[in-house]
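Only one chain is included here, represented as structure tokens and corresponding to the form predicted on its own.
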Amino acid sequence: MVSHIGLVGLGKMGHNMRARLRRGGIEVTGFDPRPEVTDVATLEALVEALPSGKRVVWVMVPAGEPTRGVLAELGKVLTSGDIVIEGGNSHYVEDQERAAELAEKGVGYVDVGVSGGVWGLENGYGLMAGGSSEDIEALMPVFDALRPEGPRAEGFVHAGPVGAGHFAKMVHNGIEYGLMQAYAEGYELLAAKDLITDVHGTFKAWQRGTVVRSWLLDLMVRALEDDPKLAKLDDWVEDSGEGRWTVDEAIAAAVPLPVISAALFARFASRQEASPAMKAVAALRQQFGGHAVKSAQ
């Protein structure tokens, strides 16, 4: 069983994961380009610091080129019997490709979707893993140290073979889009009605006993406590990719996802200073019905 791992990437998530793992009795050697947080100077030094035999390296860097680069470097220094854990938000197809490449050297590959954000250090991380049963079993002490307290099945799942962990996390994030959009639309409607004199209090009252209570609701209450009218924020909202992938998969499988799709498109709309589509609608209404329009400023 694994008791010492390497961790590449000590940003907001990785730094806290290192702390929680150590708190849970797992020895961690971390590597990050920033000297003020790293334990070793190079990726090669990290691998050399791990016990011989089944060495385990958890990669926790942004998806895309950063992850590809780290995995390529690890492929040069790891040997048969070692295991790579990819804990970012990579696309599941890339997991399958990278796993096949590492398998040629006898290196195992496990993809893990990690949920919990900056609160994971105290609350634990929800984990969705993909990989072989043998590799998952060997890594269970690591997963148990990271997951929330309580029944394992309520904070960890071996979702299937390589790729399944990140596919499950992709769908998780798609659901997250829909939930956040629903709370946001409810907030806007409450704020728009003079009848409601305490919007924050209304959200706060939903935290116990109601069917819409959740951790996201708790965070909404916290945000409104800090900024009751959200006046400090712009309405520009980014998407990190998983929502798009979720909708892509739904199209490929002919699975209707109206809520998640609408939530994704709402984020696109948030970035438009002006909407060409709405200009076209205004032009058409004017053309066919002579309806009033507003002139551009």
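Quantities reported herein were computed from a predicted structural model and do not represent experimental measurements. Residue numbers here begin at 1 and follow the sequence given.
Omitted from view is the form predicted in complex with another copy of the chain, to which the following refers.
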field: The single option of Val37, Ala63, Ala250, Val40 touching another copy of the chain in the predicted complex, heavy atom within 4.5 Å
entry: Ala250
- request: Quick one: find which of 136 to 144, 102 to 110, 72 to 80, 89 to 97 has residues within 4.5 Å of another copy of the chain in the predicted complex by heavy atom distance.
  value: 89 to 97
Contact flag, Arg68 vs another copy of the chain in the predicted complex, heavy atom cut 4.5 Å: no
message: Under a 4.5 Å heavy atom criterion, is Ala266 part of the interface with another copy of the chain in the predicted complex?
response: yes
- request: May I ask you to state whether His15 is within 4.5 Å of another copy of the chain in the predicted complex, using heavy atom distances?
  value: no
field: Heavy atom of Met1 within 4.5 Å of another copy of the chain in the predicted complex
entry: no
field: Heavy atom within 4.5 Å of another copy of the chain in the predicted complex - qualifying residues of 133 to 161
entry: Pro148, Glu149, Gly150, Pro151, Ala153, Glu154, Gly155, Phe156, Val157, His158, Ala159, Gly160, Pro161
